[in-house]
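Heads up, the chain below is alone and in the form predicted alone; it's given as C-alpha cells.
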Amino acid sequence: MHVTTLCLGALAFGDATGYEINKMFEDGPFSHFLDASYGSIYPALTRLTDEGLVTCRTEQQEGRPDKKIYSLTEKGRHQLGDALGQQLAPDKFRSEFLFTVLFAHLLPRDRVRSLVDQRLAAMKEKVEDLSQADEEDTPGMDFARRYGHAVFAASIEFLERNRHLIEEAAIEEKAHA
C-alpha cells in the first residue's frame, strides 16, 4: 500500500501533524499493520497537499518552528475510498526471530532458549496490550485488535508447545576445561 494511502487513512481519523501520523505507525493504532517513516510521510503529505487531497494549516508555536496540521479534503476521502477498493497485495511476514531459528542447529542451546524466551515475553506483552479495547475504537479497529490478539495468542501457544523442536536441534555446549 502506498504511503500516500496510509497518510489519507490516518487523516480519516482526524486532523494531524506529520509527527502525529508517524506516531500512529510507530506505536499507535497502525503500528501492527504497516511501516511508514518521517522520510516517506512528509514527502507524501506534500504530494497530497499539492494534489488537493489534504489541506495544511500552520500554527505558530512559541520558541519552536511552526506546526503544520493536515486535514483530509472531500477529494482526499474519495481517493482513500478508491485506494481501499483496490486489490490487496498479499501480506508479507518478516521476522528476524524466524530467520535466526532457521539456524538453530548452528547455535548454542542457551542462545536458542533465550531467543524463544524473549519472543514469548514480547508476544505476551502484545497480547496484554491488545486485550484492552479503547472507547474510541471503530468497529474495524476493534476487529483488527481482536484479530491481532488471536494471532499472538496462537503464536504463544505454538512456541510453548513446540520450542523443544528447535532447542533439541541446537548445539549442546561443551564444558570448558
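Note that the structure is a prediction, hence the values are computed from the model and not measured. The first residue of the shown sequence is 1; numbering continues from there.
Although it is not shown, the form predicted together with a further copy of the same chain is what the next lines describe.
- Taking H32, R47, K124, R109 one by one, only a single residue has any non-hydrogen atom within 4.5 Å of a further copy of the same chain in the predicted complex, and it is H32.
- At the 4.5 Å threshold, heavy atoms of T100 reach a further copy of the same chain in the predicted complex.
- Although the partner is absent from this view, V151 contacts a further copy of the same chain in the predicted complex, with a non-hydrogen atom inside 4.5 angstroms.
- Looking at T17, you'd find every heavy atom of it more than 4.5 angstroms from a further copy of the same chain in the predicted complex.
- A residue is said to contact a partner when one of its heavy atoms sits within 4.5 Å of a partner heavy atom; E74 fails this definition for a further copy of the same chain in the predicted complex, lying far away.
- Taken together, T138, R146 and I166 are fully in contact with a further copy of the same chain in the predicted complex: each brings a heavy atom within 4.5 Å.
- If you take 1-28 and check each residue for a heavy atom within 4.5 Å of a further copy of the same chain in the predicted complex, you get M1, T5, L6, G9, A12, F13, in sequence order.
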